[in-house]
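So this first bit is one chain, no partners, the form predicted on its own, shown in C-alpha cells.
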Amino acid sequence: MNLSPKIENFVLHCGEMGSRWGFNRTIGQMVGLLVINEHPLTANQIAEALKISRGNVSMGIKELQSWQLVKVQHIPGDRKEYYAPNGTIWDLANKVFEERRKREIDPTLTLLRDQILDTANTPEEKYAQEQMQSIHDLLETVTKWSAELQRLTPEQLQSLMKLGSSVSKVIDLKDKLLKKS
C-alpha cells in the first residue's frame, strides 16, 4: 500500500501530534491513516503503509482499542480483521478527551481532594491547601463545562464555536447591566 505524498504528509503529521494527544508517534500515524482511508484496513496494510512491523501494528491496535478509537470489522468470506475509526471525527475527539480526563484529570482531582481534606499542620501547608483548592475548583469547572460540551451534537458545537467572541460580548453586556442595577 503506497501513500500519496499528500496522504503521507498528513499521516506523518498525525504521528507528530500523537504525543500531544496522549499517545506515541506510531499510534498517531495509525489514527491518521485509518481516518483518511475510506475503507477499513487490515493490520498488514497498516504495517505496509507505515513501514512498521506487524507486531508494532498489533500493539498499536490494542492501544487504539483501549482508547475506543478503532473498531474491528469483518468482510463476509474473508477471515482477516479490518480496522476502521470508531465513529466520526467528533466521536474520536470526544473519546480522546474522555480518556485523557480519566487518565489525567480524575487522578489529579482525587489527589487534590485528599490533600484538601487533610488537616494543615503549618501555615505553609495551609497556604498550599488554598492553592490546591483553587486548582481543584478550576479543574472541576473545566471538567463540568467540557462534559456539557460533549453532550452537544456536532452541529450544536459548531454553532457555539461560531459565536466566538460574541459570547464574551454578551457576558460583558450582562456585567455592565448588572452594575447599573
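Keep in mind it's a predicted model, so treat the numbers as computed, not measured. In this text, residue numbers run from 1 along the sequence as written.
From this point on, the text means the form predicted in complex with the DNA, which you will not see here.
Residue contact check for residue 51: one or more of its heavy atoms lie within 4.5 Å of the DNA in the model of the complex. Proximity of residue 81 to the DNA in the model of the complex falls within the 4.5 Å heavy atom cutoff.
The closest non-hydrogen atom of residue 37 lies beyond 4.5 Å of the DNA in the model of the complex.
Residue contact check for residue 56: one or more of its heavy atoms lie within 4.5 Å of the DNA in the model of the complex. Of the residues 62, 144, 151, 126, just one reaches the DNA in the model of the complex with a heavy atom at 4.5 Å or closer; this is 62. With the partner omitted from this view, the residue of 139, 43, 132, 120 that lies near the DNA in the model of the complex is 43 [heavy atom within 4.5 Å].
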